[in-house]
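Okay, so we've got the same protein chain twice, two forms, each given alone as structure tokens, structure 1 and structure 2.
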Structure 1
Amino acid sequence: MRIGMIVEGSYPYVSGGVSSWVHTIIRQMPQYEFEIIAINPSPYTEEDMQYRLPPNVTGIHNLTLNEASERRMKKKVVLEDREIRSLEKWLMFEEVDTDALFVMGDVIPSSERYFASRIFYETVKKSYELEPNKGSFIDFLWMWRGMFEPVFRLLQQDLPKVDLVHSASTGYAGLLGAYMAKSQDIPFYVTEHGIYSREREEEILKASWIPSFYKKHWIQFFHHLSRQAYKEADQILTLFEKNQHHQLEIGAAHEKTAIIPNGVDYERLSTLPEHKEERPFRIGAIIRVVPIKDVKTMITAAKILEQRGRVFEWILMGPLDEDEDYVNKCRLLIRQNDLEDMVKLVGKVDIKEYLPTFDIGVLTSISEGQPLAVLEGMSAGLPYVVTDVGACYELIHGREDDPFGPSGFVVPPVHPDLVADRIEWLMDYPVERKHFGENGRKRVAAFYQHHHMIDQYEELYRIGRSAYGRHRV
């Protein structure tokens, strides 16, 4: 069976939790072929890959949101009345009408032709007239074009034929999954690690480049994409219960939703040899050095500890090449606080060599799904201080059916003083620290191992293959 795995802004070009999840799914299921459909704002090449593709990856299709398809450039846009109405309802967020996807992807010859057409102008004009607080019509028209042109371009790309399509998010990836499922009559699964539309909503509300008048349209747009994916999906999956509630609020049908937690290689990480040499108290963080991980809070917490006379080393492991400006700001903050000997950015390393040397792990993100980094550290017996985002609380305190105790502390985001307080407590209470670490190790062993996750996806793929027919490609 050939599976189309749709990813957006991640595998195989950007490392991180979603990419690691995709890589694990593919590697752990060698019996299936995978076609990677990678959506990105701009083109990537093989040289940009952060992962070595497993042998069961049979193809990689790079789709860019800002480049037009070369399929059909010269034909005139001619639409029937029912097609115009279907398209209008979709573009004006009145309905997630899947037929509109076929109008955009199959009937309209090119996005350039459509956005230069009278049909587009009349639709924008109709929407503008319904606006309660009208600004400039020209600005409104360009907002429409900026919002919808990537959608047309995406749907007009040449796509691979597969037996099942699995999207690693909603958004553009989920939209394409819905279109492929309907056009190829194949099962469609979507797995959300974070809730895509809510994450975009938070970004839009903070964005200074979007006029406040248009923010509601952009927020509606991303929720619209999610609802379209939910409508066509056979299964809507996520990693933990709080996310499932968000999916239901946005419009997912309850009977389609299910939870499959992340899994890590527990056997490998739980048996790492312990390092017993004399050394300062060692704090570890497995993170990409990007703003969403809020590395500055870690550095500020380190300064607070240093001012309290604490001796420690704080090692930050993870890629340094995704946001060079932010990395430079973090390095500057370390230097300005005279922390060069205590806080070290070591880049992308083999975590197996570092984990046994740490006393605790820390994660100070302002947004997360179910962080693999914390699960990996817990597998190695590290207690954690984490921020209350995503599934972090659940990882530290367990679900309702969890018999194990706490495996660390949860603090609100962007509170370096509380991070420092909890670290200091763990420094002072080594027996309790050890106990927390063992609680976390047991929790991962019970609920978050690779095979737990893979078994459930294997079963889903088997059901999809049986329901829609075997090996059609």
Structure 2
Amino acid sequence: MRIGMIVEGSYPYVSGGVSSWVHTIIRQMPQYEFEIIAINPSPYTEEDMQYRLPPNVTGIHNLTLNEASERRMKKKVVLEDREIRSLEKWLMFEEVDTDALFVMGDVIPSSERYFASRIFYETVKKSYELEPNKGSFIDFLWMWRGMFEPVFRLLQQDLPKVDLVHSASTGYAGLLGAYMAKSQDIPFYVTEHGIYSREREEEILKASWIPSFYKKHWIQFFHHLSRQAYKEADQILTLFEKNQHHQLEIGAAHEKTAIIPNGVDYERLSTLPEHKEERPFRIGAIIRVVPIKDVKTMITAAKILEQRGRVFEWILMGPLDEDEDYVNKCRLLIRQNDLEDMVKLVGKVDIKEYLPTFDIGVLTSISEGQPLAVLEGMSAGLPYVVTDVGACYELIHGREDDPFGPSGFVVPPVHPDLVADRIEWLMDYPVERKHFGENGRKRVAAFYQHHHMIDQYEELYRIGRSAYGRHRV
């Protein structure tokens, strides 16, 4: 069986959570063949690859949003009224009718032609009429083009024939998944790591270059894409409960949703040899040093602890090359606070050598999906202080029917004083600390092991094949 794996802005060119998830899935299921369909804003080449493609990857299709397809059309296309209506309703966010995708992808084989057509102009005018506060028409029109041109271009690309399609996000990837599923009559799964449309929404609200006037439209657009994916998907998966709630809010059908958390290599991490030597209290953080991880809050918390007379070592492990400007700012902050002896940036290291030396783990991100770093630390028996973002609360307290008890503390983001308080508490209560660590270890063992995730996806792929496989040759 051949699975089309659609990724957007990640595998195999950009490393990160989604990419390593894709890589794991492919490597752990050598019995299936994978076609990678990588959507990126600009073209990448083989040299940009961050991962060695496993042998069961049978093809990689690079699609960019900003390039027209190679297809040339000679004849003029006449759209039927039904097609025009369906397209118009889709473009005006009234319906997520998948037939509209065929009009965009198959009937109109050139986005240039469409955007030069009267149909386009009429639809824009209609949409403009519905705006409550009518502003610059040319801005409105360009917003429209900017919004839909990538969609047309994407759908007009040549796509591989597969037996099942799985997209690693909604957005453009989810849209393409919906289109492929419908046009090839194959099952379609979507796994959302973060909630795509909400992430775009945050970006849009922050983006100063979009006239505030049109922000609403852009936000609607990304929700529209998500709804399209949810509509066509046979399974809507995510990593943790909070995300599932969001999916339901946006419009995912409840019976299609399910949670498959990420897993870690519990076997190896839980059996690391213990370090016995005498040392100060050691705090570990497995993070890329980038703003989203809010390293400054960590440094500030360290300063508070130091001012309270605590003795400790705080080790930050993870790549330092992603945002050098931010790394330098963090270094400066450490120096200014005289924390060089206590807070150490050790760069990308083998965490297995460090984990057994830590007493606790800390994560102070302002945004997360389901952080593997926390799961890895918990496997090694570390209690955690985390911020209340993404799946962090769920990892510390467990889902509804979890029997294991808390494995640390959850604090609101950007509160260094609270982080410091909790760390102090854990320093002062070694017995409870051990107990928390054990709770976490058990939780990972029960729900978050590597093979849990793989088994569930394997099962899904198997079901997909048998459900649709019958009428395939």
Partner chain sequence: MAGIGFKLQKLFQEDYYSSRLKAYAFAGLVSSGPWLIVITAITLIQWLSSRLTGIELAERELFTLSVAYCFIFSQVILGIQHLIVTRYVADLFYEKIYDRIFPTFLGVSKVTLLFSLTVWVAFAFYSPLHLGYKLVLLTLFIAINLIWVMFIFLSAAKYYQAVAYSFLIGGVVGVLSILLIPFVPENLGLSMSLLMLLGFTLGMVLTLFGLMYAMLITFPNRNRENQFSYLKYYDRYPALFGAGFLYNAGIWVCNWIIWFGEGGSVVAGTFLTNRLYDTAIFWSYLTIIPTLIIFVVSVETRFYERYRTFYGFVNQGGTYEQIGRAQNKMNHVLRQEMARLFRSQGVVSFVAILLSAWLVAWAGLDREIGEIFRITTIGAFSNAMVLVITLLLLYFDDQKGAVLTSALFYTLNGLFTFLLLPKGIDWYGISFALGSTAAFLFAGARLIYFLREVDYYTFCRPAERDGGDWFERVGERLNRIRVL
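Only a predicted model underlies this, so the values are computations on that prediction, with no experimental measurement involved. When a residue number appears, read it as a position in the sequence of structure 1, where counting begins at 1. The term rigid core refers to the maximal set of C-alpha atoms that superpose within 1.5 Å between the two forms.
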Item checked: Label of the structure corresponding to the form predicted alone -> 1
Margin query: Tell me whether residue 11 and residue 224 share a rigid part, where the two parts are defined by the motion between structure 1 and structure 2 and each C-alpha goes to the better-fitting superposition.
Written below: yes
Notebook entry, point to check: Relative to the larger rigid part, how many degrees does the smaller part rotate between structure 1 and structure 2?
Noted result: 12
Notebook entry, point to check: Once the two forms are fitted on their rigid core, how many angstrom does the CA of residue 427 move between structure 1 and structure 2?
Noted result: 6.0
